[in-house]
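Taking the form predicted on its own, here's one chain by itself in structure tokens.
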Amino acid sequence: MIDIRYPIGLFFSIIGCLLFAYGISTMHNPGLYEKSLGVDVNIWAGLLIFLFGLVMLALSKGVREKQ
């Protein structure tokens, strides 16, 4: 049976890393984050998306080991 958690985890991990890297690279541009009250949303969203991807990868690895 095909486990969909592995490609989903891989996708979200990659997107989370890209978004986090973008947030780090634009950290010193205060005009970019005026609408979000100075909070670098890209860093936090990227981190959360990356963690979700890691959880999905961990779950898919646990299923593969049991088979």
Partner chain sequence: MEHRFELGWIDYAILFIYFSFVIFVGWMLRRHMKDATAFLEAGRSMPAWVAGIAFISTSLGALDVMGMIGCGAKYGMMTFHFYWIGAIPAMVFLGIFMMPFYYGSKARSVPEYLSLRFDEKTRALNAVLFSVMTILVSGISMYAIAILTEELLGWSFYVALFLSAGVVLVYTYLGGLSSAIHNEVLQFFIVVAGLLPLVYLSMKDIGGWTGLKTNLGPVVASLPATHYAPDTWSTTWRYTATAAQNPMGIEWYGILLGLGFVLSFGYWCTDFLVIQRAMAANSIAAARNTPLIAAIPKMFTPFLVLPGVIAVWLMHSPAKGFSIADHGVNNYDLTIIMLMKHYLPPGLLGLGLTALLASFMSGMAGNISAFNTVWTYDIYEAYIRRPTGDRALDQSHYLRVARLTTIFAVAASIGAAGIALQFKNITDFMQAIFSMVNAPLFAVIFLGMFWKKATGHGAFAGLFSGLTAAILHHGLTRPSGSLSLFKGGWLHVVHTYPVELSQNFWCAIISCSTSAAVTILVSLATCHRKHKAELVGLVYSLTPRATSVDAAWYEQPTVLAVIVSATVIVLSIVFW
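Just so it is clear, the structure is predicted and the values come from calculations on it, not from any experiment. Positions refer to the first chain, counted from 1.
There is another form of this protein, the form predicted in complex with the partner chain, and it is not shown here; the text below is about that form.
In the predicted bound form, the partner chain stays beyond 4.5 Å of every heavy atom belonging to His28. Among heavy atoms of Ala45, some come within 4.5 Å of the partner chain in the predicted bound form. Using a 4.5 angstroms limit between non-hydrogen atoms, Leu54 is distant from the partner chain in the predicted bound form. Under a 4.5 angstroms non-hydrogen atom cutoff, the partner chain in the predicted bound form lacks Ile24 among its neighbouring residues. Of all the residues from 28 to 46, those having a non-hydrogen atom no more than 4.5 Å from the partner chain in the predicted bound form are Leu32, Tyr33, Lys35, Ser36, Leu37, Val39, Val41, Asn42, Ala45.
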